[in-house]
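This document starts with one chain, in the form predicted alone, laid out as structure tokens.
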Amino acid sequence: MRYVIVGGGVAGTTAAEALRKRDAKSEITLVSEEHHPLYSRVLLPHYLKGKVPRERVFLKKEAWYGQQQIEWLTGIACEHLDPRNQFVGLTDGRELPYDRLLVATGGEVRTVDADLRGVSYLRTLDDADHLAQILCEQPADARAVIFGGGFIACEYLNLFSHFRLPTTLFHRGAHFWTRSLGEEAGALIAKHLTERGVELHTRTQFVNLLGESELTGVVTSQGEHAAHLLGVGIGTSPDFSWLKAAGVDVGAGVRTNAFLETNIPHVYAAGDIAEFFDEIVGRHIQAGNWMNAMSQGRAAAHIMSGEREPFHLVSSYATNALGLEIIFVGDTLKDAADEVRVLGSVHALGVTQIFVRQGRVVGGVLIGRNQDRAAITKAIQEQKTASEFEIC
């Protein structure tokens, strides 16, 4: 059996490792656009704050791939898929035949047009290395700006606070995570940030950057703002072109069934790029977090090697914004819910949203109310109806 895995992050590497444990003889090739062995994206902010040395960010050593007899191709991407003859074409001109193909490429970060010194992103280790250098260069009167209203924006808020950088944050929506949060939850986050000195601008569009070679400011729909350092956290945009050209069904992500199988025989998807059918919540969802990617990578390996069990996981992700804990559990898309119940309030400094569809609890967002996490996770896992579920 010849396994080809496209994507060297946690989903792809976990799949390769699980395949080798189950099958000592098959060929396994792991194709990675990055040159680094597997590292923890979760630890990148800790590395930038100096709390974790760079070497501890790595979860695998370069020698591990050879020891596991995994062919590890670095600095290479896929640009062609021939599902009829079962091979992928690589950017270095090679063609790799496969019996089973796993797509685990994650997403490419969305960027701003101008490339000035001081503009930063926070997705890869190379991004973190670049940002570490920029942070060391900042003058005493430096001011930071953030574009974004999601998880990466939270990481930037915490990072800039750690370095005592006055910060202005812009996002396009009325509040953070507009696709998931209602007004009460959004107001609680805004209150928490402004009370801690963040200059917050909502419903604001990015226009341009100022500066010749180095960033001196940003231009938004609300005017010009001085800035020495910009953190961009406006999401990711995967490259689906080579998959679409081969007939792979693509929506927000690469669409799969509950077994992580695409519509093309012997082609699977896992991790951030997968839009999989979640039997627990009853619809296709995309779960872009570390827990989900690792679990799907392992599940995909089991399924590709002959096990026939659907992927089941109540995925969750926790972050914090300047000390305010924020937790997402399960399916938290407002438009996919029949009802969103709200517990708590801004005044109480804690808000929980419970997402209900077809009478069942399918998701929850907890802001300053982490005590609700276990009960909501259990309710989703056990497919409880809203009437059966109660928390105070």
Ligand SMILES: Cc1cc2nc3c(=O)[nH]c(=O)nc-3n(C[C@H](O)[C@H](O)[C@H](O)COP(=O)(O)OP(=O)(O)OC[C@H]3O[C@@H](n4cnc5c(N)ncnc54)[C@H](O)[C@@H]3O)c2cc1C
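All values derive from a computational prediction rather than experimental measurement. Heads up: residue numbers just count along the shown sequence, starting at 1.
The protein also exists as the form predicted together with the named molecule; that form is not presented, and the subsequent description refers to it.
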In the model of the complex, does every one of A104, A293 and S316 come within 4.5 Å of the named molecule, counting any heavy atom? yes
Name the stretch: of 74 to 82, 187 to 195, 200 to 208, 300 to 308, exactly one has residues whose heavy atoms fall within 4.5 Å of the named molecule in the model of the complex. 74 to 82
Is F259 near the named molecule? Define near as a heavy atom within 4.5 Å, in the model of the complex. no
Any chance V42 has a heavy atom within 4.5 Å of the named molecule in the model of the complex? yes
Is there a non-hydrogen atom of G282 within 4.5 angstroms of a non-hydrogen atom of the named molecule in the model of the complex? no
Can any non-hydrogen atom of R123 be found within 4.5 angstroms of the named molecule in the model of the complex? yes
Taking the named molecule in the model of the complex as the reference, which of N289, S161, T220, Q138 has a non-hydrogen atom within 4.5 Å? N289
The named molecule in the model of the complex has a heavy atom of only one listed residue within 4.5 Å, and of L96, V267, L131, I152 that residue is I152
Even though the chain is shown alone, can you say which residues of 5 to 36 have a heavy atom within 4.5 Å of the named molecule in the model of the complex? V6, G7, G8, G9, V10, A11, G12, V31, S32, E33, E34
